[in-house]
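Presented as structure tokens, the chain that follows is alone, the form predicted alone.
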């Protein structure tokens, strides 16, 4: 059933006060680490103002602070919004104090500074409504909609109508394209570290997919399950039995790495102490740790992906944060970024995947769609119910 979006009833917003939940989970150590999620919310803010709202009170969280912690304060976001929107932003630091009624645009401090947010507390949700004196609730925070937080879930009790913002609408529409009826051939390119995080996604999409290409650390669990020597590479032992069963059932769809960029050292980004001569490209991982796919694998993956009309990419193909192990992810990111011009749909999901694309200075607009979600994207594509979507009013 389709959810009610702000553009469905623009007149309803005139002279109303709006409580807008967004996802600005971007502040770390007092600095904005990436502006993608902030920029993705601006269209909804501008559209609400075009509708003639009286005020917009913006809610978000950032990080996992234990109580009030200035390292996770949203103050830098307020300054960034001021510059992007070219208007004053009132920064409201305490949810237990009411917001002045003469402030047309407000950003509230990190909601996770208060336990009520994380606990999906109804009284805390009511405080958010009372504090803002809001008439309408809008959720544009797809990336946190899999969480039962007060501003995403319990808040629904206090508003007659609950609208999706423009970003939320686009997330639902674009991700539904691949969850429900992807244009074929449909290929999945998946990486990252833990198989466990991708099991539900793969179980739900495997019958729709024509090929599943696996890189990143999770590839070594698959290779080991096929009886290959993966040296000292990371293996997800908790998911090993599931991987073996998945291979036995769907081996014809799987495309796995055939060569690797490896070293015999345990390394962590940014790998500054790793010498070039300590890194090798090899098909034999005996005694080594694989950190990236090799060039032959890149070529093979590209050849397979060329045949697709729809591609979902989630997870880097190697430890892209290190220059020595960025090549696989970089080459495939560049390759995928040009497919839009050929009429192909590449949908990207996952925070690390977006971080890799940004690191390589590739324009996110070069892809059919880039989701702001991490866990929310995976859960939506796995066919799970998301609280922040469920509470939205139906059309």
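Just so it is clear, the structure is predicted and the values come from calculations on it, not from any experiment. Positions refer to the first chain, counted from 1.
Keep in mind that the form predicted in complex with ligand AMP is not shown, yet the notes after this line are about it.
Stretch-level contact analysis of 133-141, 274-282, 289-297, 239-247 against ligand AMP in the predicted bound form, using heavy atoms and a 4.5 Å limit, identifies 289-297. Contact check for 192, 220 and 320: all three have a heavy atom within 4.5 Å of ligand AMP in the predicted bound form.
Between the options 112, 146, 198, 187, the residue in contact with ligand AMP in the predicted bound form by a heavy atom within 4.5 angstroms is 198. Contact between residue 352 and ligand AMP in the predicted bound form is found at the 4.5 Å heavy atom cutoff.
Residue contact with ligand AMP in the predicted bound form: residue 216 places a heavy atom within 4.5 Å of it. Contact check for residue 316: a non-hydrogen atom falls within 4.5 Å of ligand AMP in the predicted bound form.
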